[in-house]
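Quick setup: one chain, the form predicted on its own, written in structure tokens, and binding and motion questions come after.
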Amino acid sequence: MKIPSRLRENALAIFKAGLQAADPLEAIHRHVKRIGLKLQVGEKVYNLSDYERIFVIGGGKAGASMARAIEDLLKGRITAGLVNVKYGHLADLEVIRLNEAGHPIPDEAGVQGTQEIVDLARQAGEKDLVICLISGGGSALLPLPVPGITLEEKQTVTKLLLACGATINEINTLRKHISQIKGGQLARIVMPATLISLILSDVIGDPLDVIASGPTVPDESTFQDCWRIFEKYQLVDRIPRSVLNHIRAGLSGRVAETPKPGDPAFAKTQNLIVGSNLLAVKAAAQKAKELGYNTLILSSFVEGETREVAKVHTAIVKEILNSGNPIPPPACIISGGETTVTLKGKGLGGRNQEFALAAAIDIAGLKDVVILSAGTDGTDGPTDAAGAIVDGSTVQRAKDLNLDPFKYLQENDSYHFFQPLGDLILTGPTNTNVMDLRILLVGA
């Protein structure tokens, strides 16, 4: 049986506070205000009477909540809208349609929805306003491969890169150069209409050209970068021939590059980040302080191989127990960002569950220690769990059920390790996505 713990309850409360801060509806209302016919977006003000029609497009796991916020703000003014979202990530809307599609692996529903989004964007003229809603998962949810490359071939590329442990930046570089809309190309399609892109960041450092593969911002990456990624992960002989041929055509100049800074496509475009991982991390830290913990934000830039990142975090826990550094108990260490998992086994799990399993092994037997790792989108990898929560008794409780933690870690099967223990964090779809939160608590 799992032992009830005040530390566990506090860790879950701290995580919940971070989730609330990442709520897309509240994020948009913080940055977008309407006063009569004036729409203030960040520091820019738009006169709605200048526009004949308003279209809403976009894609991402937070798309439903973002669309609801826009309908609240522009009630009665929206001409039409379509946003691609992950299956099950829905909301009640009046005008904007939601198209459910596959994530993290794109599917045919995503392709069809993206083509409809492009068709809608092409209707916009010089006197129209287009609002684009972008959030985490947008890359997979807005798939529209270039002619000559099939969805299956694009899926193969995504699977290969995920299995190799490629970073989100690297995956998006490839996506941009085999897509019709990513890497600023959606802005080209919308032109000459006015374009406002509201962005909920799920990428470390909030680089606009990387979030959802930057469909509305200039792209600094090149076909040469794509080829370097193939070589880095030794994929040249495994990538589909059509993709290789397209990248080679780009290298030789036979295929145009994505639009770069200064391109006319961005003359009437505003890109604004409305939410990020750092915002969630800060809210979680505030909750920890309210609960009486000495609190330290480690970083919102954490990335790297999940198991190695877990070792660094557990080392900090051990240091707190041994010396009271960097902060004394009761202590709360919070980090954000997004790690990667290099798949070697055939199990089921995600980066947060794997982090928790690796951490559980490292803190086995320690008292008054709880570690939580979870994704703000409510889904960790191809599972229905957001992550997992562990303590010093987790490994022993597992052994009592004849579960070998080392074997499950080796097989990348963290989901089936935590499921019988009752240690999975199940939030359901949160309709947001600002990467992950890791919470380390050390009791007094």
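Worth saying up front: this structure is predicted, and the values here are computed from it rather than measured. When you see a residue number, it is the position in the sequence shown, counting from 1.
Heads up, the form predicted together with another copy of the chain isn't pictured, but that's what we're talking about next.
Engineer: Answer yes if any heavy atom of Ser252 is within 4.5 Å of a heavy atom of another copy of the chain in the predicted bound form; otherwise answer no.
Structural biologist: No, no contact at 4.5 Å.
Engineer: So, Glu303 and another copy of the chain: in the predicted bound form, are they within 4.5 Å at any heavy atom pair?
Structural biologist: Yes, contact at 4.5 Å.
Engineer: Does any part of Ala267 reach within 4.5 Å of another copy of the chain in the predicted bound form? Heavy atoms only, please.
Structural biologist: Close contact is absent here: in the predicted bound form, Ala267 is far from another copy of the chain, nothing within 4.5 Å, heavy atoms only.
Engineer: Just checking whether Gln123 would be counted as a contact of another copy of the chain in the predicted bound form - the rule being heavy atoms within 4.5 angstroms.
Structural biologist: Gln123: no contact with another copy of the chain in the predicted bound form.
Engineer: Heavy atoms within 4.5 Å of another copy of the chain in the predicted bound form: which of the stretches 209-217, 257-265, 306-314, 170-178 has them?
Structural biologist: Every other range fails; the passing one is 306-314.
Engineer: In the predicted bound form, which of the listed residues (Thr150, Ser299, Gln234, Gln224) lies with a heavy atom within 4.5 Å of another copy of the chain?
Structural biologist: Selected residue: Ser299.
Engineer: By the heavy atom within 4.5 Å rule, which residue out of Arg248, Arg188, Arg77, Lys318 makes contact with another copy of the chain in the predicted bound form?
Structural biologist: Exactly one residue meets the criterion: Lys318.
Engineer: Do all of Asn47, Leu82 and Asn99 end up near another copy of the chain in the predicted bound form, with near meaning a heavy atom within 4.5 Å?
Structural biologist: Not a single listed residue reaches another copy of the chain in the predicted bound form, so no.
Engineer: Select from 321-344 the residues with a non-hydrogen atom within 4.5 Å of another copy of the chain in the predicted bound form and write them out in sequence order.
Structural biologist: Contacts from 321-344: Asn322, Ser323, Asn325, Pro326.
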